[in-house]
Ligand code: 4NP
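Okay, here we've got a single chain as structure tokens, the form predicted alone, with questions on binding and movement later.
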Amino acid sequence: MTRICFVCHGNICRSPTAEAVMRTLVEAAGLGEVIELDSAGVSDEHAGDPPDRRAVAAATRRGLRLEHRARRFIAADFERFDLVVAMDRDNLRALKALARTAGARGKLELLRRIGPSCEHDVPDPWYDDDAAFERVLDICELDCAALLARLRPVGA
């Protein structure tokens, strides 16, 4: 079992979007029994909240379901997950500060560094328009596909 957690600031836009995209890809590949997914935020300001309505609307237009309640990523989560995927460099810095061991820090990656673009940040759509949520979906679809390809066993 490979356990992955996607992390953004508040866990209501980017990280639940990445989780939903990855879940769809994992299920389509028949790997739902071997890859476990979750998402969280580095902040607890939205703890317990559903995803942002604009993220839900954008995901729904693409046939994705965002069924999630925001939660904060805690130090103990490093024990639970094999890979912790940050949406931007600020999230990555916050996660590094929370990581108590080199092993925990070794589980950290930026989503955009996994995919073919090799850029750094998934832009935060919170203060932007609806098109920004579509752009986040585009990025997540591209980079999550690259992540899945990296995780797939050879020949699968």
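Note that residue numbering follows the sequence shown and begins at 1. This one's a predicted model, so the numbers in the text were calculated from it and none came from an experiment.
Although it is not shown, the form predicted together with 4-nitrophenyl phosphate (4NP) is what the next lines describe.
Peer 1: Can you tell me which of 45 to 53, 28 to 36, 95 to 103, 111 to 119 lies within 4.5 Å of 4-nitrophenyl phosphate (4NP) in the predicted bound form, counting heavy atoms only?
Peer 2: It is the stretch 45 to 53.
Peer 1: For I12, is any heavy atom within 4.5 Å of 4-nitrophenyl phosphate (4NP) in the predicted bound form, or not?
Peer 2: Yes, I12 is a contact residue.
Peer 1: Across 126 to 144, which residues bring a heavy atom to within 4.5 Å of 4-nitrophenyl phosphate (4NP) in the predicted bound form?
Peer 2: Those in contact are W126, Y127.
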